[in-house]
Every structure is written in C-alpha cells, then in structure tokens.
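One chain follows as structure tokens, the form predicted alone.
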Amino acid sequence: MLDYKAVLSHYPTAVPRYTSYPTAPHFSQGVGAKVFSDLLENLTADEPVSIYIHIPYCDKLCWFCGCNTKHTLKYAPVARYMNYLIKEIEMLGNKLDFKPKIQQIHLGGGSPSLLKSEDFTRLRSALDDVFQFLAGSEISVEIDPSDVNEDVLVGMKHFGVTRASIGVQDFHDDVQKAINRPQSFELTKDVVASLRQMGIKSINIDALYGLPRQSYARLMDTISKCVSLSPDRMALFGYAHVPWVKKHQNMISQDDLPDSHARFEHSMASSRALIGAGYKSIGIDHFAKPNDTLAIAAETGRIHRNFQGYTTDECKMLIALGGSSIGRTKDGFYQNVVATSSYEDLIQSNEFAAAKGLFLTEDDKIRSHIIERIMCDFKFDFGTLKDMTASADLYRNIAAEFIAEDPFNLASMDNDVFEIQSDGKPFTRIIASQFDAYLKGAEFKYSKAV
C-alpha cells in the first residue's frame, strides 16, 4: 500500500494548478497588447469563440478568496464599471466586420450575482450587438447565494444563464467565521430551488477542503448537505493559502489550517463520498453526474482545462473582458490590467486593456498539450508527438526519467503510453510539473499540491 505521507515528504508540496501552461506568473508586461492584436487578426466568422467576463466586486470580502476582487457596500462603483465593460465590448465590435459566434460564456468574479437586472440586460444587449450566440451555447455565472434576490433572478433569466456555479466552501458556522463567509444551508437550498424554478438546468457547487478550523466531520457534513441538493456537478478544491499574494488571507491564522497530511485525508475522504453518491470523478477535483456533459466528455477523452477548471470548452480562442481577465489565442495568453481604476482609465481613453501576456514557443505548445492531457486523462501517448515535432524523444525521456527515479511507482510506461497509477492520481499536479520547463528556479511561490 502506498505511503502517502512519504510521497508528500519526498516531492515538492507546492506546484501550479495548471489551469494554463505556462502559468500566469510567467506572463510579461507589454506583451499582452501584441497577443490581443494577434487575437483580433485571427478571429474568423466560422470558428466559435469563448468569452470570459470578470466582475471584480463583492459586497463582502471572504478571507479565503484568491480572486481579483474589491469589496464595496455601494452599487455605484459596480454600475460605473459596467459602463466601461459595455464600452469595451463596443470597442471590440468596432474592430470587427463580422459577428463572432459564441460557444461558451462565463461570468466570474468577484460576485457577478450582485449585478442588478438592468445591468444583466444591458450586458446581454451589448454582447448581442457584437457577437452571435450559437444555439445551445453555454452561459454560466458564478453565484454567491447571499446576493440572490428576485431582481437578480430576473436579470440572469434575461441574460440567458444555462449553468449556475454556487460557492459553498463549508457549511459549519465556526469555519465560516474563520473565513468571513456566513452562508446557511437553508439559504443555499432556497437559492438552488429558485434557480431551478427559473429554468436553469445545470447546477454546479464549489466546496473547499483545507480550510481553517475544518475537521473531517465538518467537511463530511458539508459534502453530505451538498449532495442532498443534487447538483449536476461539484468541484472540490483545496484551499490555496497564499497570503504573500492575497494580503487579506493574513486574517486567517496559520495555526487554524490543517497540515498537508490532514488535507490529503480530507481530500480522499470527500472524493470517496461523492463517488459513493453516484458522481463520476473528473480529473483531480471535479465530479459530475454520469449523464452530465462533463462526465460524457471525460469518458471520450474530450475534456479540457482552463482558468475555470475542467470544461467541455473546445474553443481555441478565449476573449477576455473586464479588468484582470485572462484571454487565450492559438499562440498565446493575455491578461487585462488588474487594477480596476487602470482598466477604466484605459477604456475611457479608447484603449484596450491588455497588459501582460506571453507568446507560446513550439516547446511551450507541446508541453502544454502533455500537461493538459495528464491533468485531464491521467495519461499521455508520446507516440502522438512524432507527427508534431522531431524532438518527440526529448519529452518521452522526461517521462522515462521520472519513472526511473520515482521510488513510489506513481506512474508507468507501456511502449509510448505514460500513465499515472490509481494510487498516484492524487499527486497528478506533482507529476505534471515534471514537464514544466519554467518551474525550476521560478521565484513565484505556489499553493500546496494536495
């Protein structure tokens, strides 16, 4: 039987989550505008795109949060920001002589659920003027249940939301006090019922392990209550304690956090509970009902991984709208300026906000492909690289070297197929990091791997 404590002691305990490769800390200032220009040049009328819209406001600041967001008790800053967001969309439309087709759109934050119905309607109207929504396009929004009222529900209906992603974290009062996130199960249950009543067919719930004051019993109770709501999908993330990046996380006492071994045990136990409840395990931290599109895509090797986690999104182009949002092209990444005030100043001056970015080298593209398939499928066929590069053996040798030096037999190689063993799957991020050419010597500190 695998000694998990020995594995955690042997390998680095902090590695990227690999929602992109290269990861965002390696984006460079001044490159984003060039990548964004490249995106505009390569958009076509035939190839669908995805859109990410960032709403960087919350009406309370949760101490666990790792997002780019601002706390506000007034709606005026949000309304002002929405004016600039709509202007950014109009500016984009002025650069195009056709209406790109939208396959998927995601509103994240912050808390998009604090928007008033009139702003949901204005935003949808602006998008309709510039883009064409495909039949069956997925429109998802992140929701803080404490924001949701009748006006918000009306707004989401006008916007055309098809999937709601509800933040839960943990239902225990003591844990909620430790992260400044009061949210009762009863409120969450009522919001889920309201969303379904308004016609939203797909519900996702996000829960966290590794939170301060979170015990095994408290986490299992939260998982049980989440399952009772019968979400179509669940994401089970490990809390990323990075106070050197997010200063408000200093409000959380290090002494209240479970250690790496407790985190691992909590992760495994909650995963078993969800699988026991009938959910299919997707990648390292997602779960879905067997008939959900994510589960079906996973069965056929067609899931992908982006900044929202595991997804069915196959679009090569991701258009980023709003401050701090990250977009993707076939050849690179770009990130809009993070500070909301700077974003608004740029849009006011009729300038796009793309700031940081990175153009992918051929080596980046190959390593990105390998890392994504390992994160999604737990395996990779190096034989498929022979038609992509003359250096296929270079990448195969990385896998072979890892297997030769790994004392725990976390992975195996059969001919050209590298595969993570069942016991090794909890350490997938560690294994994927073997193919990360940027990791050695990187100054940026990452969150815990498990």
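For every residue, the number given is its place in the sequence shown, counted from 1. Note that the coordinates shown come from a computational prediction; the quantities given were computed from them, not determined experimentally.
Omitted here: the form predicted in complex with a small molecule. The next part is about that form.
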Find the only residue in Ser140, Ser111, Ser270, Gln335 having a heavy atom within 4.5 Å of the small molecule in the predicted complex.
-> Ser111
Assert contact residue (the small molecule, in the predicted complex, non-hydrogen atom within 4.5 Å, options Ala240, Ala262, Val130, Met91) equals Ala240
Is the small molecule in the predicted complex near all of Asp144, Gly167 and Gln249, within 4.5 Å of a heavy atom of each?
-> yes
Any of the heavy atoms of Gly66 lying within 4.5 Å of the small molecule in the predicted complex?
-> yes
Do Arg367 and the small molecule share at least one heavy atom pair within 4.5 Å in the predicted complex?
-> no
Partner proximity in the predicted complex: Asp206 to the small molecule, non-hydrogen atom cutoff 4.5 Å | yes
Indicate whether the small molecule has at least one heavy atom within 4.5 Å of a heavy atom of Arg305 in the predicted complex.
-> no
In the predicted complex, which of the stretches 381-389, 408-416, 26-34, 57-65 has residues with heavy atoms within 4.5 Å of the small molecule?
-> 57-65
